[in-house]
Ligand SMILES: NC(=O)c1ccc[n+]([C@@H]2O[C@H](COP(=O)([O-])OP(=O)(O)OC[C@H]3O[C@@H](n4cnc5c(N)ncnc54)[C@H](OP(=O)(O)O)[C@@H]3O)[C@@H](O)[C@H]2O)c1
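A lone chain, given as structure tokens: the form predicted on its own.
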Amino acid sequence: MAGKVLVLGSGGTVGSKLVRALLEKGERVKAGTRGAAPAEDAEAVALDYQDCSTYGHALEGVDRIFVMAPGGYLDPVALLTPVIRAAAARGIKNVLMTVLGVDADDDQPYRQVELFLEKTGAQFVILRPSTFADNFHSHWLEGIRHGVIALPAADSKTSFIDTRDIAECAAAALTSDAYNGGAFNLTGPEALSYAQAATILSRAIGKPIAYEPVDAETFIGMLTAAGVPDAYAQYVAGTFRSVREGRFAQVTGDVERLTGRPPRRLDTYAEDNAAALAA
């Protein structure tokens, strides 16, 4: 019998959907969070990335693991490499989620995590998603409530991806050896500007939403005023430089390659999440 799958970040946007997708495939799942938060029909286990003493029990009986960095951390190398090393030492296959475009620069921290994983000798799959469509009903929801999405994205385009598609891709990678050793750039089916996205969201909730491009300094001020620590606000603002440079505009067929169907359009995301967007 195959071993269990450990999903780290199982209480998050992607992780929670991945747990459900794996259970639907009949897999035995360990849902890993720092506090062993209950997970429906999965075995809840405690794993703190920064406490290696929690790894042993969480990894027991596991032959596949899904690893991603939770939001708010500025050093994914220090955070993720210890658990990747521990899993590799046990011969556990690792499906690692990083970020679209990191392979363009080996000095980029997430790229360093990828390279570390590749050197462990363990079986692996790397998933690099574009910007989450779900950010609109989480990170940018306050702006939507006020009818304005203010971001330092200029007039650039982004291939927004529904996190359900990311979860289904991760489930495919975790339940098949066909993709081992591969790196997949996960995107939505088209690249849209934030102004176009605002129009789609407006239509879905029946309320006008505008996109307002702002400079990085203004954006950082908005975040810190909302209680975001300055260092993390600087980091988030920095990620939009890649957006403005067009690195998140690429569209690939990797979602369909992994799942057998095309990715969801932003219209579909907006319609399916209209209640959350209008909350």
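Given the structure is predicted, the values throughout are model-derived calculations rather than measurements. Residue numbers here begin at 1 and follow the sequence given.
What follows is about the form predicted together with the ligand, which we do not show.
- For the ligand in the predicted complex, the listed stretch (176-184, 145-153, 83-91, 124-132) containing residues with heavy atoms inside 4.5 Å is 124-132.
- In the predicted complex, the ligand lies farther than 4.5 Å from every heavy atom of A42.
- Within 4.5 Å of any heavy atom of the ligand in the predicted complex lies no heavy atom of S159.
- Interface residue remark: G71 is counted as part of the site for the ligand in the predicted complex, having a heavy atom within 4.5 Å.
- A residue is said to contact a partner when one of its heavy atoms sits within 4.5 Å of a partner heavy atom; V243 fails this definition for the ligand in the predicted complex, lying far away.
- Among the residues L22, L266, L258, V14, the one placing a heavy atom within 4.5 Å of the ligand in the predicted complex is V14.
- Scanning 141-155 for heavy atoms within 4.5 Å of the ligand in the predicted complex gives no residues at all.
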